[in-house]
Ligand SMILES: NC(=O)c1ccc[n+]([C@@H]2O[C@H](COP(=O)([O-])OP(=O)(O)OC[C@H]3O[C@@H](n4cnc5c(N)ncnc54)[C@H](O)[C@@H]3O)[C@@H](O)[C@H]2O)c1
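A lone chain, given as structure tokens: the form predicted alone.
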């Protein structure tokens, strides 16, 4: 079943993250910090940052301590002798140097980001893929810690009023400069350090392209805490659209939104495809009208792929388009439905026949949501993951081969902190990147994006004929085998690659056959596929692994022979 490996590097997964290593096993050299921590005095940047660095096995640098070492004086004494302006010049020179030449984690003094040259350096660092993390502590807790610590020139005098005045000026700048926000309210230093470590190891995939307002797909444990930051301050009311099985995650999102002073309209819809009907959409529109939703408000879609499809459709159609954010809670939704800007609902005549292309403001794929995911729902998502490997990314196929047994035996209760967690995070990131590659060049599916529909021509027919009792990822797995059989019959694909489809998908616990008896019904539904042109059938097939092509009007005999092979398997 195995395929060729890249001989130049190997992947090593460490706790909570993946690291590319050289052939001798040494990590590749890092010339700049992995993350920069900013925040108010007393937020715990040094203590929490140092403990997080220890958890991650990284070096830690406190910019204030580095400055004191370079100037040979304590900062309070330097302030007294030379004044704030001289200190800020020294601070800027030191911080800008550290941002370029110091690996690991770097924490900055509370006022550092307010210096224009440092703010610009942080913006440049962030634009090049660095992470600026705003460590947000409870104001009362932070003021108490800052007061106990002493030695803070900017807090001399009436410390409480000075702290609040600094916060009023600095908080907007910190929000603007940071990529990630970590709230430590009520947390012990150890718990805060774990939160910070998780945030540092978040993965992010940037989505942009013609006709797309750029957004990020964030992947990691507890990324859902970023929901208020992604929404920003513009919306007043939020429609939280979710299903009953993810009530626990909806409760968490609702609490976050209310803490951020949004008015939340809670909308629970039927689970799975039953939630993607015109009747459900109509009910949501009526509720938004009753609540007085305007173009300044927003939608949050939380749940599996059907829930995020419906939420996006509502956002696209309400007042001709309002902002929305997706919080997928299943593997399938994380790698497929929540990303790429396809929104839609089903009709009795077919799946996703009504919809639009409308991109979200952000996607938060929180690995913590997978804890409550049943094994069969997790495994189903691997169908879309494997599809992305077949059409583009051999690294996905290698991971599926190497970890197939663990993935097939997925247990949400033991998932977080297990060796499987970074593997799943890597699979999600790679699959999202495959989707982004196609979407960024072809948002409205005029050509390249159609390759993402590998296996879907038959898959959608299976779902329709099985009255949606088959889950999407399982149908896609069978559809990929069908497409491979068709390509083999017509001479495009070697038999070993056809067999590879079956063997890999079977090893993951996915179905590779479908015993349905009426070929004429299947053919009729495939003619309704959205890739069809008039009465002409159009398939996506492979002429080798990783290289999809379009196949127009294949011989009907070949189509039926391929179908009989997936019946007999």
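Everything numeric here is computed off the predicted structure, so don't read it as measured data. Positions refer to the first chain, counted from 1.
The following text describes the form predicted together with this ligand, which does not appear among the structures shown.
The chain is drawn here without this ligand; in the predicted complex, the stretch among 351-359, 222-230, 419-427, 183-191 whose residues come within 4.5 Å of it by any heavy atom is 351-359. Shown here without its partner, the chain carries 304, 329 and 332, all of which come within 4.5 Å of this ligand in the predicted complex through at least one heavy atom. Put simply, residue 243 is close to this ligand in the predicted complex: some heavy atom of it is within 4.5 Å. When contacts are judged by a 4.5 Å heavy atom cut-off, residue 400 does not count as touching this ligand in the predicted complex. In the predicted complex, this ligand sits beyond 4.5 Å of every heavy atom of residue 379. In the predicted complex, none of the heavy atoms of residue 251 sits within 4.5 Å of a heavy atom of this ligand. This chain appears without its partner; in the predicted complex, the one residue of 272, 489, 92, 98 with a heavy atom within 4.5 Å of this ligand is 272. Comment: this ligand is not present in this chain, but in the predicted complex one of 172, 83, 374, 74 has a heavy atom within 4.5 Å of it, namely 374. Using a 4.5 Å cut-off on any heavy atom, the residues of 470-484 that reach this ligand in the predicted complex are, in sequence order, 471, 472.
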